[in-house]
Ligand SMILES: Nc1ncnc2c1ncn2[C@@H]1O[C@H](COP(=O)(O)OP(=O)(O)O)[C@@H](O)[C@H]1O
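Given next, in structure tokens, is a single chain: the form predicted alone.
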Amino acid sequence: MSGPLLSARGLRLAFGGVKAADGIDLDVMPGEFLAIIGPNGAGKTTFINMTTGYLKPQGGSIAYDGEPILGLAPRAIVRRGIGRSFQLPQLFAEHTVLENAALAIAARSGLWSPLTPLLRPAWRAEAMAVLERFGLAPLAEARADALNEGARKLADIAMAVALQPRLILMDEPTSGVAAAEKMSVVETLVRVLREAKVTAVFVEHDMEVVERFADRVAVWNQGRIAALGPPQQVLNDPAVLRDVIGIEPAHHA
């Protein structure tokens, strides 16, 4: 087996007296889908922000594909092959879905400026291909601000995939998505990412999503990893049931 694609060691970061990261050690293996769960304020998003360059830890190290990335700017980390989606989709609301995907492709190429035609034929063709993989081609000409939340989430992740990452970190990809479409949204993004051989780390509160789609689960609690392992093992841990999911083990069917 090859080494980890992402490796964090001893990450520490405190905001005042609150420890958002208190000695985080974590390896993410190539090709896996790792879910991060935990109560609000446990440090889950802080970990994603440190990995993608939006926050700098006060101690520890982060390596991607064996190379240190701590201290790099977010754009430099993207160029290394790490994508990111946010809890609130970061779309250009006044642009169409197709234009949003093309913007990501243009940014990846490093060739675009406000004076460059955005929908040049090569970028348009690649953008449409990305949208087709996510089932978004019928919405290509719709403005981003006209999409429902499920489509907005998929469009946001499609932009990240258009950057051709090897690793993507997703902060609550089902947040705000209607219950009726939640599973279909996750099924789509998991299918696309697995087909593209993209490794994924995702923060999630829906335990059904975690149980169904994660290869491993890391439980965050008070800035530490309280449990790590396969979903069936972790989600049946009495301490996880009580402290994270809020179910007393004796009452868990």
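Since the model is a prediction, treat every value here as computed from it, not as a measurement. When you see a residue number, it is the position in the sequence shown, counting from 1.
One more form of this protein, predicted together with this ligand, exists but is not displayed; see below.
Student: Is residue 39 close enough to this ligand in the model of the complex to count, meaning some heavy atom within 4.5 Å?
Tutor: It does: once this ligand is placed as it appears in the model of the complex, residue 39 has a heavy atom within 4.5 Å of it.
Student: Can any non-hydrogen atom of residue 45 be found within 4.5 angstroms of this ligand in the model of the complex?
Tutor: Yes, residue 45 lies within 4.5 Å of this ligand in the model of the complex.
Student: Is residue 11 part of the interface with this ligand in the model of the complex - any heavy atom within 4.5 Å?
Tutor: The answer is no: residue 11 has no heavy atom within 4.5 Å of this ligand.
Student: Even though the partner isn't displayed, in the model of the complex is residue 24 close enough to this ligand, meaning a heavy atom within 4.5 Å?
Tutor: Answer no; every heavy atom of residue 24 is more than 4.5 Å from this ligand in the model of the complex.
Student: Just one of 45-53, 191-199, 209-217, 26-34 has residues with a heavy atom within 4.5 Å of this ligand in the model of the complex, so point it out.
Tutor: Of the stretches listed, the one contacting the partner is 45-53.
Student: In the model of the complex, which residues of 12-27 put a heavy atom within 4.5 Å of this ligand?
Tutor: 15, 18, 20 sit within 4.5 Å of the partner.
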